[in-house]
Ligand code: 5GP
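Before any questions on binding or motion, here is one chain by itself as structure tokens, the form predicted on its own.
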Amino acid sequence: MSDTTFEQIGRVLREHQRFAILSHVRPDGDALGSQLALALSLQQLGKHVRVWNEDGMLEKYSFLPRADLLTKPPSVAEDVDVAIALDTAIQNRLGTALAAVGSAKIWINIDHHRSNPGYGDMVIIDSRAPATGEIIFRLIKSQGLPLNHDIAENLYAAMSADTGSFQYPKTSARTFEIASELVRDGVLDVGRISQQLYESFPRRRLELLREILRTMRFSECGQVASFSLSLKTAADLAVLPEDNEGLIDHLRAVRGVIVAVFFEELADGKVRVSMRSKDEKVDVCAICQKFGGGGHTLAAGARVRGSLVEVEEKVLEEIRETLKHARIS
């Protein structure tokens, strides 16, 4: 935890009027749910709130309460009193949302990625938290901020999404306690939220999985698994970037696999690398930081310049070197 306290941030939230709440490009459920939850709580206080993400609200998460509040950033920058970056380890990953803030008296950075360098005027980074939504819940409760049904549902979805439905290693007793409290505070149908998160995919996502599984390969005696998505395949299937979310879990779930990697070719001459580890001795955050990325010990990513083949070779070689020095039992 940083030196900034919830009390200090709570005071800023109450004393100012105009807010912009931002999150990273290619957002996930934690980013979007956290944004909406904090925005709705501030609106209940009578604040003027903008909620921006470069990609706007994703189709997959359009079921979230008041999803309409979250939009793409305006083309003309706006001045605000307070800009709040949520779930964003590196400030430039705010993309066009960063440029949409003309000026802000105060920048607040709330995150759970340990690779976050602590940008901003007020910073809370809790790498023990499995989701930013958990930190937002603690902020709201500790400061007596409004918490209604819509806010609770967004927070529950944020936490569920970033814990793999409460399965990942950082899920703690506190996480379950918070989820339980959210259910009591107004999440009326947990089954419906879970179905929307995990059982409501478009058919094209299954077709995408079929195609990338054709590229699947294993190395290091089955300890490393990877697959890739080319621009051509993505175009042929007319997939959206959000369709990729969670596909890497099919590799990670294979018995014997320690590190799973998904390589996605981007239009800007870079390759998006998503990496997962099943053993803390193999720190994928440290690996991704060598390529300008970051994240968590067991889940991290980077955007690496080069062709799909070039980036695959460089990244897989770095993973091999890491495995050599790791003592995997």
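Computed from a predicted model, the values in this text were never measured in an experiment. A residue's number is simply how far along the shown sequence it sits, counting from 1.
There is also a form predicted together with this ligand; it is not shown, and the following applies to it.
Quiz prompt | Answer option from Lys278, Arg272, Arg50, Arg66, heavy atom within 4.5 Å of this ligand in the model of the complex | solution = Exactly one listed residue reaches within 4.5 Å, namely Arg272.
Exercise. Quick one: from Leu70, Leu38, Leu58, Ala300, grab the residue that has a heavy atom within 4.5 Å of this ligand in the model of the complex.
Key: So the residue touching this ligand in the model of the complex, by this definition, is Ala300.
Quiz item: Any of the heavy atoms of Leu145 lying within 4.5 Å of this ligand in the model of the complex?
Solution: Although this ligand is absent here, Leu145 would stay clear of it in the model of the complex, with no heavy atoms inside 4.5 Å.
Quiz item: Can you check whether Gly29 is within 4.5 Å of this ligand in the model of the complex, heavy atom basis?
Solution: No, Gly29 is distant from the partner.
Quiz prompt | Contact flag, Arg205 vs this ligand in the model of the complex, heavy atom cut 4.5 Å | solution = Because no heavy atom of Arg205 falls inside 4.5 Å of this ligand in the model of the complex, the answer is no.
Self-check item: Interface membership of Ala89, this ligand in the model of the complex, 4.5 Å heavy atom rule
Solution: Although this ligand is absent here, Ala89 would touch it in the model of the complex, with heavy atoms inside 4.5 Å.
Quiz item: 169-177, 90-98, 151-159, 211-219: which one contacts this ligand in the model of the complex at 4.5 Å, heavy atom to heavy atom?
Solution: Only one stretch qualifies here: 90-98.
Quiz item: Going by this ligand in the model of the complex, which residues of 117-152 come within 4.5 Å of it through any heavy atom?
Solution: Sequence-ordered list is empty.
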